[in-house]
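Form predicted alone, single chain, as structure tokens, below.
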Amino acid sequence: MVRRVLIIGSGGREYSLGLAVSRDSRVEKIYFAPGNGATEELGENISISDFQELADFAKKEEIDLTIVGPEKPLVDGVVDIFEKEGLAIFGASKRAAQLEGSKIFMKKFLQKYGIPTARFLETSSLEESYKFIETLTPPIVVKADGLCGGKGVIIAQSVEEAKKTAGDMLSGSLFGDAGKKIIIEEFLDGFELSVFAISDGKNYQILPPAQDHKRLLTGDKGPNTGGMGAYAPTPLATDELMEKIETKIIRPTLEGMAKDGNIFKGVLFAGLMVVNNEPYVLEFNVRFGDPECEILMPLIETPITDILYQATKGKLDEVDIQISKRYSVGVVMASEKYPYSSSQPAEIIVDEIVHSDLAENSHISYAGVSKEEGKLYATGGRVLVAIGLGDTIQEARDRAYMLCGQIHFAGKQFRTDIAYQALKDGEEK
């Protein structure tokens, strides 16, 4: 039984994981490393960043399960250190995390196992990149190889822009060392899907398909962001499409990783583009997405501690995983100058929710917040996610936006059209 849990990370994803863990009455204590200003409401924040020190803390405090939220600790090998100490930790090993840590590793893996993806070139040569760019029709995708906090992908609208971007990355002026090797690939025109599979290395469970909204502004305008909202499940992912995703992408990826000696335990997050009902891999991540995690957690009815703990033990098949039939919509509320620059801290005021319907079917997941003298302040780019649940997408969306109306801080901004692709004239497609 899981009684004591450690969650590594500080964002809305980690808050949502903590919220899900806190619903399990058997859990006595939750620690966050480092957490944020609101995670203190769910547990205790600790300021230990060294992985070995963190593992020593987990042993001393008799932590039953550690959950890793962000990608960087995974890529840097936190799981390997914890497992060496005999600790149960949910997340990908350093070798398996290369799927996200190196886009070149990922593309070569996809190529090796015939998993559908866009035509591409990996290179550190400016001359090679120019030649390949000239064979493509704009828009053209240029990606830095390494981790860039979700910002290492540029969609160039012309051959000239693609060449300039490639030059800026390779010179190190755009993303530093992360861009010293690049991927150039053809642009796929379709709709995006986020599909998550929890894996224990052999068994896996696919979660409801989600759709993220990357652009800052309503109508898919403005720059790309870490995500301005999401909803799940999406009716765009038909049973036929989900079967293709499982047989052509999820299963061969997990089997291929095992075959290569990189057994994958944790969350496989497939960022997909669907073109003419055929799925293609845009990218893999090795952790829950943000804001997708915030909307998926409320849909998982089986205690999340049972699922993740058994995944660490290779026994996911022993858990009866129940998924809600409801819909979940999350709207990101961001600070005034996001994503261009940091904003002044602003106090967050949440009105008392008097309608029981809204109180019972919505909640806030806090991300970029700090606490001073008992008050919460917006201090990050993406401040929080307002989540609504409902029996239809429209109902869930309405509740999410009603909750947005109860939340106030100076300079708040949010999109007004989350889940628009699934809705038409107020009705589900």
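Because the structure is predicted, anything quoted here is derived from the model rather than measured. Counting begins at 1, following the sequence as shown.
Quick note: we don't show the form predicted in complex with adenosine monophosphate (AMP), though the next part is all about it.
Student: Do residue 358 and adenosine monophosphate (AMP) come within 4.5 Å of each other in the predicted complex, heavy atoms counted?
Tutor: Residue 358: no, not in contact with adenosine monophosphate (AMP) in the predicted complex.
Student: Could you confirm whether residue 214 comes within 4.5 Å of adenosine monophosphate (AMP) in the predicted complex, counting heavy atoms only?
Tutor: Looking in the predicted complex, residue contacts with adenosine monophosphate (AMP) include residue 214, since a heavy atom lies within 4.5 Å.
Student: Classify residue 130 as contacting or not contacting adenosine monophosphate (AMP) in the predicted complex by the rule of any non-hydrogen atom within 4.5 angstroms, answering yes or no.
Tutor: Residue 130: no, not in contact with adenosine monophosphate (AMP) in the predicted complex.
Student: Look up in the predicted complex whether residue 153 has a non-hydrogen atom within 4.5 angstroms of adenosine monophosphate (AMP), and give yes or no.
Tutor: Answer yes; at least one heavy atom of residue 153 falls within 4.5 Å of adenosine monophosphate (AMP) in the predicted complex.
Student: Only one of 207, 141, 274, 250 has a non-hydrogen atom within 4.5 angstroms of adenosine monophosphate (AMP) in the predicted complex; which is it?
Tutor: For this set of options, the contacting one is 141.
Student: Name the residue from 218, 224, 203, 302 that puts a heavy atom within 4.5 Å of adenosine monophosphate (AMP) in the predicted complex.
Tutor: Among 218, 224, 203, 302, a heavy atom within 4.5 Å of adenosine monophosphate (AMP) in the predicted complex occurs only for 224.
Student: Where, among 80 to 88, 160 to 168, 236 to 244, 178 to 186, do residues come within 4.5 Å of adenosine monophosphate (AMP) in the predicted complex by heavy atom distance?
Tutor: Heavy-atom contact with the partner occurs in 178 to 186.
Student: If we check adenosine monophosphate (AMP) in the predicted complex, which of the residues in 253 to 283 reach within 4.5 angstroms of it by a non-hydrogen atom?
Tutor: Result: 273, 282, 283.
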